[in-house]
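As a starting point, one isolated chain is supplied in structure tokens, in the form predicted alone.
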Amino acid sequence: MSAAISTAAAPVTTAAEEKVAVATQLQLTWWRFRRHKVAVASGVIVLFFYLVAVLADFLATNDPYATLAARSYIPPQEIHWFDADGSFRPHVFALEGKRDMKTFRLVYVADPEDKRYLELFVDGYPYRLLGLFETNLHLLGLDRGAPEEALFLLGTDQLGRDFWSRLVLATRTSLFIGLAGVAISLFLGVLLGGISGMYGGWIDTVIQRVIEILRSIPTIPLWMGLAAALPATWSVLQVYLAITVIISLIGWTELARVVRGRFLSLREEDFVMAAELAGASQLRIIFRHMVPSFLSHIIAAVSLALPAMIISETTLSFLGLGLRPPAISWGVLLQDAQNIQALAIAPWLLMAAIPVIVVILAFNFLGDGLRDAADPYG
């Protein structure tokens, strides 16, 4: 009788509770993150933009570097989705240049008699897919004639370059500069912050004073000074790498402070002392034992640092201190939007700001979701 009573009084554990009890920290973080719908949607948007960045040449319709003065400031082209018989056949009309006798400016008028149908997976200018395979396959093209003669989805710039093709190429440059910059900042932040919190003493003092000096310098003047020091004779690739390093040297300080604080609280834990007694080196303790214990916090910090890196590159290039033509980035494209006269003629050049805004918002919402999910027990 007593055995039956004790059995009935025993707490009942559900399968869901047992699953949570044995889950790892990353599993708990993922389950909580999935409930943050805005963050999940933002993550999808970020992945979409990086997919565009990887397949930029495949998505481009024209050679982004090809110039032709006769195509200057062609407005975005209208796509007609249905044919005259009502069938779904997307097409555009070829453009015919005419001189406006009032302004003497060349304007482009659609020619309804010259209809060009859109086709998928067509041949175009050659490029290296993923930097490995030589190909000339493009997602979108025309059934006849070269795309640079009749297809301008977002119009052209002053030099007659296709704006859509330049925008997708700029997406690759700006996003991968941010990714490379965060990777370097992550390494410096974890390494120096970990050493500072692990060793303490004069090492901690020196690293913290360096951080305070870097954080006390106004950001934009520092960027301007470092970017102005780049030789004008450097190639696009050299400038690209230099801008990445410059941005990284500024961005590691905040993460280093966070890592230092976590290490100060973790270095007296039992698992750290056990690793020291087992003969593990300090670097092994930092990267194999301590860092994984708050990896979710680092992921959240990185997702919030990425938009700052992208804004930094865009700002430098917009001010003419970062990447310079013929390089293509969001900041380089926005340089054309500084001229009021050019904007009056070609307002579509401002569309380069749209992906910047969308990506920055998506990264911030994604970072908020990861930060909320980083403490699954909260």
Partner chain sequence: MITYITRRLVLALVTCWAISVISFIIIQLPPGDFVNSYIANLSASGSMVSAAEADAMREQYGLNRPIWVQYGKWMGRVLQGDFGMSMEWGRPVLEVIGDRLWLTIVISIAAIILTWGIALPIGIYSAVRQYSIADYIFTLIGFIGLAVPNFLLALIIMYLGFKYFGANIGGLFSPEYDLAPWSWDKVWDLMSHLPLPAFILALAGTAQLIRIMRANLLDELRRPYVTTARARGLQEWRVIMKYPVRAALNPFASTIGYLLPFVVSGSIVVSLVLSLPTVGPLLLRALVAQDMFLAGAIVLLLGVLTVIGTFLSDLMLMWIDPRIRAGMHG
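Computed from a predicted structure; not experimentally measured. Numbering follows the first chain given and starts at 1.
Beyond what is shown, the protein has a form predicted together with the partner chain; the following relates to that form.
Chemist: At 4.5 Å between heavy atoms, only one of the stretches 42-50, 329-337, 61-69, 26-34 reaches the partner chain in the predicted complex; which one is it?
Modeler: Contact criterion met by 329-337 only.
Chemist: Would you mind picking the one in L222, L266, V239, L137 that has a heavy atom within 4.5 Å of the partner chain in the predicted complex?
Modeler: Checked against the cut-off, the match is L222.
Chemist: Of the options V272, L226, A110, A180, which one has a non-hydrogen atom that comes within 4.5 Å of the partner chain in the predicted complex?
Modeler: Looking at V272, L226, A110, A180 one by one, just L226 meets the 4.5 Å heavy-atom criterion.
Chemist: Does the partner chain, in the predicted complex, lie within 4.5 angstroms of each residue among I184, R257 and E276, using heavy atoms as the measure?
Modeler: So, no: the whole triplet misses the partner chain.
Chemist: Indicate whether the partner chain has at least one heavy atom within 4.5 Å of a heavy atom of E212 in the predicted complex.
Modeler: Answer yes; at least one heavy atom of E212 falls within 4.5 Å of the partner chain in the predicted complex.
Chemist: When the contact criterion is heavy atoms within 4.5 Å, does G201 count as touching the partner chain in the predicted complex?
Modeler: G201 lies outside the contact set for the partner chain.
Chemist: Might L319 be said to contact the partner chain in the predicted complex, defining contact as any heavy atom within 4.5 Å?
Modeler: Residue-level check for L319: yes, a contact with the partner chain.
Chemist: L343 versus the partner chain, in the predicted complex: is there a non-hydrogen atom within 4.5 Å?
Modeler: Taking the distances in the predicted complex, the answer for L343 is yes, it comes within 4.5 Å of the partner chain.
Chemist: From first to last in sequence, which residues of 355-369 have any non-hydrogen atom within 4.5 angstroms of the partner chain in the predicted complex?
Modeler: In sequence order, V356, I357, I360, L361, N364, F365, D368 come within 4.5 Å of the partner.
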